[in-house]
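Form predicted alone, single chain, as structure tokens, below.
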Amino acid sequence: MNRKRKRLISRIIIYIILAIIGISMILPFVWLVSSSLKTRAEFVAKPPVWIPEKAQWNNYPKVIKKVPFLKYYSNSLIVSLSVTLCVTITSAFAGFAFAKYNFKFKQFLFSFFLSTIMLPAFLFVVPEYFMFSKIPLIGGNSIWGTGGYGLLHSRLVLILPFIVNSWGIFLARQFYIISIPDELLQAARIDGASEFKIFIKLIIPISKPVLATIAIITFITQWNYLFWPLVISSSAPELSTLPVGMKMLAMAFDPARNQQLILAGLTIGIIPPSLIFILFQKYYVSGIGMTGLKE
């Protein structure tokens, strides 16, 4: 067997393996959407029914009417988009500073940021809850931070704890170290550009892949985050996000008899992160490829 034929056979095998992996990843989503359009009888049928005989589009209005689904949806969109925007901006600025500037305690500060990644989120719940409830002159509080509820009834309480992300700073720093030579910055300075102009006009356009990567992962993570919104919604139900709403949806319907309705709610919930990934996957793939873990 000549070399050309061996190469062809190996390529065919690789494509078959990738196709199998791709199909195995898509099948759960196909099953989710298909099951959300089934009747109860079709859902429990054996062998499984993949395509419903008549799509039950009314499953979706039933979900929306049963719980304030649109309210949960809007809360999740506002919080996730706000956090994503803030994290992308702070990661770009901080990552560039750590990569290209020398300042006092630089290595200590960077190590401190990285160390926070190892701390579990629940360690900060009690101090953060106490801090946001005691902010002076907000939410009925006095100048001493007493008598009211602070920010606990504002969407800001779901946004502010997450506006800086250590992982995003690390990823941006690695990108700037590897992809942007110091000579490029020196040339811009010689031409008379200010540091801010260099960052906005020169660095940001080059940074699209890594910023898109940070934005995608941040949005999906925040969209699916349950712990902190669940804590806040216990005292402010109007701030419930979609993950909290899905828990309430499971409580509103009998899981043993209405699985298809619960799956309809899940189908609605995966639309935004799926669209975000589809729209920016080109930048995501190139961003991962361009950010290494070396100095």
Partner chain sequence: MKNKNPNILTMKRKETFAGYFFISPALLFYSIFFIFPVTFSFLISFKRWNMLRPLSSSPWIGFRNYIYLFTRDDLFKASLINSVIYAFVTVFLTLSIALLIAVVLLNIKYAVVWRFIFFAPIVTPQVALGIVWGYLYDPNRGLLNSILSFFGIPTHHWLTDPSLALFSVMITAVWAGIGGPLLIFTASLKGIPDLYYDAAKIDGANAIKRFWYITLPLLRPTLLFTIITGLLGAWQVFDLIYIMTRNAPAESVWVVSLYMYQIAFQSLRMGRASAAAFILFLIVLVITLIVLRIFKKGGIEGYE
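Everything quoted here is computed from the prediction, not taken from an experiment. Numbering follows the first chain given and starts at 1.
Not on display, but discussed next: the form predicted in complex with the partner chain.
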| field | Stretch in contact in the predicted complex with the partner chain, which is absent here, among 95-103, 75-83, 137-145, 207-215 (heavy atoms within 4.5 Å) | value | 95-103
| Heavy atom of Arg173 within 4.5 Å of the partner chain in the predicted complex | yes
| message | How about Tyr149 - does it come within 4.5 Å of the partner chain in the predicted complex, if we only consider non-hydrogen atoms? | response | no
| request: Decide whether Ser154 counts as a contact residue for the partner chain in the predicted complex under a heavy atom distance cut-off of 4.5 Å. | output: no
| message | When the contact criterion is heavy atoms within 4.5 Å, does Pro28 count as touching the partner chain in the predicted complex? | response | yes
| task | With the partner chain left out of view, choose which of Leu202, Leu184, Leu114, Ile178 has a non-hydrogen atom within 4.5 angstroms of it in the predicted complex. | result | Leu114
| message | If you apply a 4.5 angstroms heavy atom cut-off, which residues in 143-179 are near the partner chain in the predicted complex? | response | Leu160, Pro161, Phe162, Ile163, Val164, Asn165, Ser166, Trp167, Ile169, Arg173
